[in-house]
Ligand code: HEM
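Take a look at this single chain in structure tokens; it is the form predicted on its own.
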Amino acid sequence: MTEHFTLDFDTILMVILPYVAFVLFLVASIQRYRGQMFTYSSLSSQFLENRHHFWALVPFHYGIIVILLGHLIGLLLPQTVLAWNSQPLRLYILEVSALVFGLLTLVGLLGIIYRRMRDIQIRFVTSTADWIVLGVLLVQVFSGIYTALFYGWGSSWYASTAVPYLWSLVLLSPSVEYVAAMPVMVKLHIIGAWAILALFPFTRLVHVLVVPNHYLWRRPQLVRWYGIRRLTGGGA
């Protein structure tokens, strides 16, 4: 009876949830672009507070981009990753590099959260959806770092276990057995990815879809929040 419940639980979170998240991401992103095109931005709050903006924004963006690129390379070239990892020194370099960029992402994310909590103006323009996605991102980054620290050689078992699971979803032939025996923290990391995908079109994360994406090399925009004036009923 316990096995049956576990199987159902894994099926819901590892099979049904991914497809629901993808459909929600696709439909809601298109709908938002068609109906609210000018909201496709990060809604910069630099105008409200700039002191901590740079030191939170930069490490988070560069850290998470490298981590996502690493996941993408592993997804597209799993055999290349395994061949690279066949040499211990190269495996150590890859694992340490991934951990460093994961920690960089965490530092930046904590800086973003601290900045939004400490400044009343920024806290005022931070929506509930923003807080939810920041919380999910924090769990996601923490679970990834925890996995790297306590379940070693993640790049190898990602390429040999998680990648076949992901491709089974793409090919519409989901094989939950690839991840059913994974530790709880690893499963949490996978579920977190689907949760972020589902939340994506409802938050400021949609600015990632803007092409060309020049956020990494231009100075952050100064945005005046005219909505504050309307909400407070105040003057200039």
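Quick note: we count residues from 1 along the sequence shown, nothing fancier. These numbers were taken from a predicted model, which means no experiment stands behind them.
The following text describes the form predicted together with the named molecule, which does not appear among the structures shown.
Contact with the named molecule in the predicted bound form, judged by any heavy atom within 4.5 Å, is made by just one of V206, A193, L199, L57: A193.
Think of it this way: in the predicted bound form, the named molecule has a heavy atom of just one of M185, L68, V170, V176 within 4.5 Å, and the residue is L68. Though the partner is left out of this view, W131 does not reach within 4.5 Å of the named molecule in the predicted bound form, counting heavy atoms only. The named molecule is not shown here, but in the predicted bound form it comes within 4.5 Å of a heavy atom of E95.
Of the heavy atoms in W84, none are within 4.5 Å of the named molecule in the predicted bound form. The named molecule in the predicted bound form is not approached by F124, whose heavy atoms all lie more than 4.5 angstroms from it.
Residues are counted as partner-facing when one of their heavy atoms sits within 4.5 Å of the named molecule in the predicted bound form; in 117-148 these are Q140, V141, G144, I145, T147, A148, in sequence order.
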